[in-house]
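Only one chain comes next, encoded as C-alpha cells, the form predicted on its own.
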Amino acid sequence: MKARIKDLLRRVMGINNARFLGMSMARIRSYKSLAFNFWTDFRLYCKESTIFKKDSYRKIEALIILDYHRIEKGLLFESMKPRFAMVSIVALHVYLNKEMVIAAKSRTQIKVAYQLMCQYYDLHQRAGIYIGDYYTNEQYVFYKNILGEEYSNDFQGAIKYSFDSFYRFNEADFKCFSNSRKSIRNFTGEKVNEVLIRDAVQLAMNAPSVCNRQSAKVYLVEDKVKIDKILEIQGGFRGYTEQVGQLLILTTDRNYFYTIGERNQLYIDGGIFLMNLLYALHYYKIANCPANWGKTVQEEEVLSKYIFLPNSEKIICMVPIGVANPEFSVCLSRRRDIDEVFISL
C-alpha cells in the first residue's frame, strides 16, 4: 500500500522515480499531507455542494436564487423582452411547488422568488403577451395564494435610479454608503479615466491580507475584442457587453502562501480585496458589476488565448466597469433577514 501511495504521489507531482526517492522524508510527508487535505476538500465538495445532489432545502434554495436572479436581470432592460427567462420560469415551477419550499415561504429568498414569479406573470398579462404554454393562470393564482397578504402589486424586482440619486450617499456615513452600493450593468460606453481607476485600486489596497502579504493584482483590459471574448467565456454578462469598454481582472498570487493550511487562503484574501475594490469603485462613481469567475481549468486554458497571466496567479473575479447611464435599473437582490445569517452559539 505504501508503495502505491508513493507511486501515486510521484505521478501527481510529475517527477521521475529517481528524483522522488531522493526527496527528504519531511518533503514527502508535506506532499502526502497536502494530497490528503485536497482529497478531503474534494470529498466534502462532492457531498455537500449542489453538483451531484439536490436533496436538501439549502441546495434547492441555491437553485431558486440562481433562477430568480436571472429574472431580475431580465427586468433591467428598458424594453422588456417578451417571454424572457423562460427556462428559469420552468425550473422555478418545479422548485416552488416542493413542500419543503412552500413550508419556508416566510424566508426572504423564497418570498422574493414567489413575488418575482407573480410580477413576471403580471408584466406579460399587461403587455398582452401569451405565456400560457409555460406559465398558466392556475400557477399564478397558486403563487399569489401562497404569498397571501404578502402579495403586492407594487413589488419590483428591479429598482430605477438616476445617476445623481444613485451616488447621493457617497459622502455619507459608512452605513448609508454601504447600503447604496449596487451592481450596475448599463454603461454609456464612455471610458473611465485611467487615473481615476488607479485611485480606486489604490484605495482598495487598504484591504487586510494574511500577514500583510498583499497577494492581489488588478489588470485593466481595454481592448474591446478581447473584452468581448473574455466575457463570452465568463458567460454571466450576456446581454450587457455591448457598452463594456473596460474590464478589471482581479487575481491573487499563489507564491505568497506557504503552508498546507493556507491552500484556500488566496480565495479569502482575494475576496476581501474584491469587496474593498467594489466599494472604492463606487466611491469614485465608477459603475461596476462583479462577474463571477467560477470556471474550470479547461475554460481558463481557453482564456489564455486572449490574455496572459502568470501560472502562479488565480483569477478571483472579473469586474466590467464604465460610466453609468443617466438613468438605469439595478436588481433588487434582496438581502436575507439578519436572523437567517447571525447565529449566537
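Sequential numbering from 1, following the sequence displayed. This is a predicted model, so every value here is computed, not measured.
A second form of this protein, the form predicted in complex with a small molecule, is not displayed here; the remarks below concern that form.
The stretch from 202-210, 181-189, 143-151, 130-138 that comes within 4.5 Å of the small molecule in the predicted bound form, counting heavy atoms only, is 181-189. With respect to the small molecule in the predicted bound form, the three residues S215, Q265 and P310 uniformly fall beyond 4.5 angstroms at the level of their nearest heavy atom. With a 4.5 Å cutoff on heavy atoms, H69 counts as touching the small molecule in the predicted bound form. Although the partner is absent from this view, I286 stays clear of the small molecule in the predicted bound form, with no non-hydrogen atom inside 4.5 angstroms.
When the small molecule is considered in the predicted bound form, C317 lines it closely, a heavy atom lying within 4.5 Å. For G245, no non-hydrogen atom is located within 4.5 Å of the small molecule in the predicted bound form, even though that partner is not displayed. Screening S33, S56, S49, N292 for any heavy atom within 4.5 Å of the small molecule in the predicted bound form leaves a single hit, N292. A heavy atom within 4.5 Å of the small molecule in the predicted bound form is found for exactly one of T251, Q234, S88, Q115: Q234.
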